[in-house]
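As a starting point, one isolated chain is supplied in structure tokens, in the form predicted alone.
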């Protein structure tokens, strides 16, 4: 379950940010997750709750924001949103697409108390 590793990475970032900003408690963590990032959201939510114990973010709300998948269509030259990596271009129905985004995950912001 790589979601546990992701949660541990999030914890490290949160602890560093809380220390740098003298924030005693983090109440909300908003994370952007791309459609193709391969993150199982339920597993991440579980791992987040477990890993945050004893940290400034213990009991914090985890908000996961979905980001669309994107691809460059070689047929029409447009960057388009796609649901699945093998979908045709929604603009021209072309099939020569190269994924350009939606495989990333990042902390958008933290809410402190």
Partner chain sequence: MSQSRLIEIETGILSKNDRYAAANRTALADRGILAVNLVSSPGSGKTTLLCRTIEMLGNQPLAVIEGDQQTANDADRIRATGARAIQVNTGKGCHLDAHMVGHAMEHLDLAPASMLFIENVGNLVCPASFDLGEEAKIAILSVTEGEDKPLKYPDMFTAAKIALLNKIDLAPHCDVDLDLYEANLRRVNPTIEIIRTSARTGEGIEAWLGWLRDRLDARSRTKAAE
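Residue numbers count along the first chain shown, from 1. Under this definition, the rigid core comprises the largest set of C-alpha atoms superposing within 1.5 Å between the forms. The structure displayed is predicted, hence computed values, not measured ones.
From this point on, the text means the form predicted in complex with the partner chain, which you will not see here.
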Close approach of residue 38 to the partner chain in the predicted bound form, 4.5 Å, heavy atom: yes
Test of understanding: in the predicted bound form, would residue 9 fall inside 4.5 Å of the partner chain by heavy atoms? yes
Given that the partner chain is not shown alongside this chain, does residue 90 nevertheless sit within 4.5 Å of it in the predicted bound form, heavy atom to heavy atom? no
Give a yes/no on whether residue 74 approaches the partner chain to within 4.5 Å in the predicted bound form, heavy atoms considered. yes
Can you name the residues of 91-107 that have a non-hydrogen atom within 4.5 angstroms of the partner chain in the predicted bound form? 95, 96, 97, 98, 99, 105, 106, 107
Superposed on the rigid core, does the Cα of residue 13 end up 2 angstroms or more away between the shown form and the other one? no
After fitting the core, residue 49 CA displacement of 2 Å or more between the shown form and the other one: no
Any chance the CA of residue 89 moves 2 angstroms or more between the shown form and the other one, core superposed? yes
